[in-house]
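We begin with a single chain expressed as structure tokens, specifically the form predicted alone.
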């Protein structure tokens, strides 16, 4: 198969299959989470559950000072990595065009040079995250093959995208095809790995915050 044919397949049938698996898998995982039974809290409300849920959604999105003081490199690295990933996914011109073709509307994007710099920065943070995991005895003990798989399928789209944009290592058409295929690997893996947290984090934080707010305590 030529590079042009591989690119056409990656942009066409392969992308459609990966997108269907991603959407169906994520909906199934969210249905499973929402279907979990929990005991009804019969205690008298001492605060607002809704306010607690909203507060926790916001506060857990920021580094906790106590944890930041103990592990500044790991926390800051994770924070920067997630910002870089979100910017690349949602603010790169070609990606915005893909979203526009799927959703029917788009939004402003960042200059390509800025995205390229963010890609390099995110690659560094991903490598640092792996080094921190491998060199911390507790993190290494708690890590499962799923943690390393989630890291790998996150790294590949960033790496191939950076190489394609800068015309490095392989011809552009082939590298672009590999980039799209790596994105599709991520889409297929996400519902069945720890990457599910890209959606489930909001539910878990809301639930914890709601329960704490109902009891009048901090989450």
Partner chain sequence: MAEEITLLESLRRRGVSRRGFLKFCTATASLMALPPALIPRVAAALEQAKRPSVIWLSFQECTGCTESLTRSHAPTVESLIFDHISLDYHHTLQAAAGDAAEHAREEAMKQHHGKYILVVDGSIPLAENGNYSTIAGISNLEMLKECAEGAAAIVSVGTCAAYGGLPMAKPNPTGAVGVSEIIKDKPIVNVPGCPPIPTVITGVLAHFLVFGSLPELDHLGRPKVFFGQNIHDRCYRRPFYERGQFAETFDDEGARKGWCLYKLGCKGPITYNACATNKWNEGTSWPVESGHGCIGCSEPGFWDFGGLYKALSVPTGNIGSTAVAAAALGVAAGAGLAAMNRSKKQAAAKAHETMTVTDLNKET
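Residue numbers count along the first chain shown, from 1. The shown structure was predicted, so the numbers you read here are calculated from the model rather than taken from an experiment.
The discussion below concerns the form predicted in complex with its partner chain, not included here.
Each of 32, 96 and 165 places at least one heavy atom within 4.5 Å of its partner chain in the predicted complex. 27 is the sole member of 68, 27, 50, 152 with a non-hydrogen atom lying within 4.5 angstroms of its partner chain in the predicted complex. Think of it this way: in the predicted complex, its partner chain has a heavy atom of just one of 139, 110, 130, 83 within 4.5 Å, and the residue is 110.
The stretch from 170-178, 188-196, 152-160, 51-59 that comes within 4.5 Å of its partner chain in the predicted complex, counting heavy atoms only, is 170-178. Heavy atoms of residue 211 never reach within 4.5 Å of its partner chain in the predicted complex, leaving it off the interface. Remark: residue 203 does not count among the residues lining its partner chain in the predicted complex, judged by a heavy atom distance of 4.5 Å or less. Although the partner is absent from this view, residue 73 stays clear of its partner chain in the predicted complex, with no non-hydrogen atom inside 4.5 angstroms. For the chain shown alone, residue 147 is not a contact residue for its partner chain in the predicted complex, no non-hydrogen atom being within 4.5 angstroms. In the predicted complex, its partner chain lies beyond 4.5 angstroms of every heavy atom of every residue of 46-63.
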